[in-house]
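First, one chain by itself: the form predicted on its own, in structure tokens.
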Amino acid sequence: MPTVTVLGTSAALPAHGRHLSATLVQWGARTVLLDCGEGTQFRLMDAGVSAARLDLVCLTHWHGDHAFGLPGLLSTVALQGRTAPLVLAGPDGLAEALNAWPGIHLDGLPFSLDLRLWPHDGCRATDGRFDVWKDETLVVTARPLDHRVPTMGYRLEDAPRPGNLDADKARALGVTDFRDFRRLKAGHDVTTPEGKRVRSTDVVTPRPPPRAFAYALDTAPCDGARLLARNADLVLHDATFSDEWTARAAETGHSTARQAAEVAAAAGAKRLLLTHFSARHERSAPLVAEARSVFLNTDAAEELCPYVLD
């Protein structure tokens, strides 16, 4: 089952035992890191996951609490002897920024970086969707958020899965060739040796809806966040402030807990986790209470707690 483990829930600086933004997602055989604030290497170790196992690292934007852990992470992965390519998604100019970092030279790494860079305008010139990753099990897309600098949120979901084939029913209709069973499961109609047409829809159940996880940090409420969260099983959303700091949230390009809940409700999401808490809020319970007044199935994200998508 896909599992989401939040490694850090603090905004801007570590506070009250909280760490900076990073979230680990394990989806089948794939391991994905979303954001990489300072200290992410240690949080991965605390979660029992080697950085060398990462397949994909996605940055939302180039603010320090979301990205300054990346140079150290890359150095660690190099020292661990990785040779397989690592996919890195983030803003255009990321390679130049890393090369300018003391001690980091991308050409000197023992592995290559497969960069998936979105433009500085956050893809606003298109429909906003940026395709990051696709394989037989996982699809990752990004959409622009509303922050002070170009920022993208991410959606991870199942690759399209075929429905279940009722082999007994297919045999009863005259299907005998194993290749025809495969064609039916893939959605193609077949013809039996007797000339009878068997439709895939008669023997294969509809495709199951994809399981989906949405990640929307840092952002004010926006269409991009709602699109990422549409019908998602789990949404991790910026909830930097409580209601009394609504004006500050708008000024800094963040959300209140209530606004995060409004995004989840409008998107038809199943569950909301609040994160990116300001140091002003020592306790998350009041933020959860405000959010639950709008969207009941809300909790504060707990660091290192695995959240499973059924």
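Numbers follow the displayed sequence, beginning with 1. On a predicted model such as this, the values are computed, not experimentally measured, just so you know.
Just so it is clear, the following notes concern the form predicted in complex with a further copy of the same chain, a form of the same protein that is not shown.
Contact annotation for residue 101: at least one heavy atom lies within 4.5 Å of a further copy of the same chain in the model of the complex. Interface membership of residue 71, defined by any non-hydrogen atom within 4.5 Å of a further copy of the same chain in the model of the complex, is confirmed. In the model of the complex, no heavy atom of residue 106 sits within 4.5 Å of a further copy of the same chain. In the model of the complex, a further copy of the same chain stays beyond 4.5 Å of every heavy atom belonging to residue 200.
Proximity to a further copy of the same chain in the model of the complex, defined as a heavy atom within 4.5 Å, singles out one entry of 40, 60, 255, 275, which is 40.
Of the candidates 29, 247, 45, 285, 45 is the one whose heavy atoms come within 4.5 Å of a further copy of the same chain in the model of the complex; the others do not. Only one of 236 to 244, 136 to 144, 190 to 198, 74 to 82 places residue heavy atoms within 4.5 angstroms of a further copy of the same chain in the model of the complex, namely 74 to 82.
The partner is not shown here, but in the model of the complex the stretch 4 to 18 reaches within 4.5 angstroms of a further copy of the same chain through a heavy atom at 12, 13, 14.
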